[in-house]
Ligand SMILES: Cc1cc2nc3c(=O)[nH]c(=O)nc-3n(C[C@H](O)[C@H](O)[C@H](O)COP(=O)(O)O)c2cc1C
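Taking the form predicted on its own, here's one chain by itself in structure tokens.
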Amino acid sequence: MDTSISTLLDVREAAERRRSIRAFEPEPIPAADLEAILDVVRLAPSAFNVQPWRFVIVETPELKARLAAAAFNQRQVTSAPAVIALYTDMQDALATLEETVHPGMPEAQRAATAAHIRGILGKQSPEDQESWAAGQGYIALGYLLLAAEAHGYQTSPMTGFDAAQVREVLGLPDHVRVPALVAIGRGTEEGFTHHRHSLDRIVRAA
């Protein structure tokens, strides 16, 4: 598959080009490219600007093999030069909430905002907090898939895996959620063309 692009794709182009690809060239992804992609992903919006998502980049064959076993041996895990594990961590997000309150606010307002957010989210059980965070994480997942395509890389998002095993392989705390694994690299297959509902099927005026 020819993935060469002279300039970054715009959002529409990236969305139209994106496919779920499971066969990749073996060449490593330059660290600068991964950084550029994730630098876009960090701009994803989240409720209260909590930004509960975190990422682990897996590139070594040994770790990818262990991750593949946790992902029911899906071939894209070992075929891709890198797999990005998206996980969410509300314990860390709430403990560092002041980092996400906008610095443009006056100090008293910043403190009040942090206390307000903690008051709302703190009422939830730990399980509900992590479920909420995982829902926010899917926003970042969408950004990741489009950002990768815009930079000339193909992806395969996966939700089929043993989350507990993934956490063990990556050394993650037991309380975090793992919304998705994303295989990423230069694709060597075309993938299926889009087969999506029409706007008339999914949109109505109220």
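Note that residue numbering begins at 1 and tracks the sequence as displayed. Since the model is a prediction, treat every value here as computed from it, not as a measurement.
Although not depicted, the form predicted together with this ligand is the subject of the following passage.
With the partner removed from view, the residue among Val41, Val50, Ala68, Met158 that has a non-hydrogen atom within 4.5 Å of this ligand in the model of the complex turns out to be Met158. Against this ligand in the model of the complex, the set Gln76, Leu141 and Arg196 is in full contact: each member has a heavy atom within 4.5 Å. The closest non-hydrogen atom of Thr188 lies beyond 4.5 Å of this ligand in the model of the complex.
Only one segment in the set 32-40, 159-167, 146-154, 55-63 has residues whose heavy atoms sit within 4.5 Å of this ligand in the model of the complex; it is 159-167. If you take 10-46 and check each residue for a heavy atom within 4.5 Å of this ligand in the model of the complex, you get Arg18, Arg19, Ser20, Arg22, in sequence order.
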